[in-house]
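Listed next as structure tokens is one chain, alone, in the form predicted alone.
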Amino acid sequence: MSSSSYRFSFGPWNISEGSDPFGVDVRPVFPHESKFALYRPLGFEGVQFHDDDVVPGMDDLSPSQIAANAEEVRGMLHNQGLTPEFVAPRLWFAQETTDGAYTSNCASDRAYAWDRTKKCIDIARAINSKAIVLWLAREGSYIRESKDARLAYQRILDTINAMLDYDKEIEIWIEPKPNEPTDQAYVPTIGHAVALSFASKDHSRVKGLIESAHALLAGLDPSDEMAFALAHDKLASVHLNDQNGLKYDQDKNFGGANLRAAFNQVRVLEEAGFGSRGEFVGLDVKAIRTQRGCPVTDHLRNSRELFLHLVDKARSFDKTLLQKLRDERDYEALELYTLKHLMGVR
């Protein structure tokens, strides 16, 4: 697989406004509908969506209005030569999801979440997307006693099965994250997501999506999380970015905090042939908060460029020497070789 054959995606929120919760805005608003024209020139062909990215204000619209709005977006994507990678139900902003969506203690809140999920699936199919991403943002708790965790996990599984029944072709991609906005989430790692997949009624349609920063927030290595999913044929997509420590989700440029960790993510994906079945390499990166301009897109271009540089590094990694040093258990020499290889030192 040539480096040029990798396909890349990002979400419209990655070209965002310059809002700053601690100060003045540093960038003007860039119209959402103008973002699609930027994808191809940047080297991207896949678009990640939330349901209300496709249909803003969808909770206040009729089914026919939702369908009409989705059809308009479908046409826009077609005109730009873009592929909708997935649609995700945004279940963390509504009043009904403050204390969870599928795991809320309130039956009417759970009913809202299910209705929103069905609308999301309908929107995905209307724009020709085959996948729903479940980022279970508020499926967790702030204090352990506030919810019955065993029941919460059953409710998540029941929802996944109901989604599989609602649409016989749609795939469900679970995106784990250990915290934020909840204190502790119920599906914090890809291992939890894979377990839910195999517990579902059709595990072939339930997979995982790994975001680098989410794994780091859990104190885990993203490349190991990716390898685990790949070992079970459960890695549907990745959201590459970086993270400086165990703090809020930063969405830094890929490789911006730890180049070696970025290399190992690329190496694992490359060695497994990820992308050969059409999978996208997704980027979920935000512009540096102080960056001026409109629109600001260098963070996307730079992260994609770095990924492709690391593909070349992975392919030129001396596999014979690697095996020799593994056999000899000479990990000091292996570490030195790896670092020199990344620095371009012979």
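Just so it is clear, the structure is predicted and the values come from calculations on it, not from any experiment. Residue indices: 1-based, along the sequence shown.
Separately, the form predicted in complex with a small molecule exists; it is not shown, and the next lines address it.
The partner is absent here; in the predicted bound form, the one residue of Trp114, Tyr166, Trp92, Tyr153 having a heavy atom within 4.5 Å of the small molecule is Trp92. Site annotation in the predicted bound form: the residue of Ala126, Leu77, Ala88, Ala218 reaching within 4.5 Å of the small molecule with a heavy atom is Ala88. A residue is said to contact a partner when one of its heavy atoms sits within 4.5 Å of a partner heavy atom; Asp148 fails this definition for the small molecule in the predicted bound form, lying far away. For the chain shown alone, Ala193 is not a contact residue for the small molecule in the predicted bound form, no non-hydrogen atom being within 4.5 angstroms. Taking non-hydrogen atoms only, Glu175 approaches the small molecule to within 4.5 angstroms in the predicted bound form.
The closest non-hydrogen atom of Asp284 lies within 4.5 Å of the small molecule in the predicted bound form.
Residues Lys35, Phe44 and Asp298 are none of them found to lie within 4.5 Å of the small molecule in the predicted bound form, as judged by heavy atom distances.
For the small molecule in the predicted bound form, the listed stretch (266-274, 132-140, 69-77, 184-192) containing residues with heavy atoms inside 4.5 Å is 132-140.
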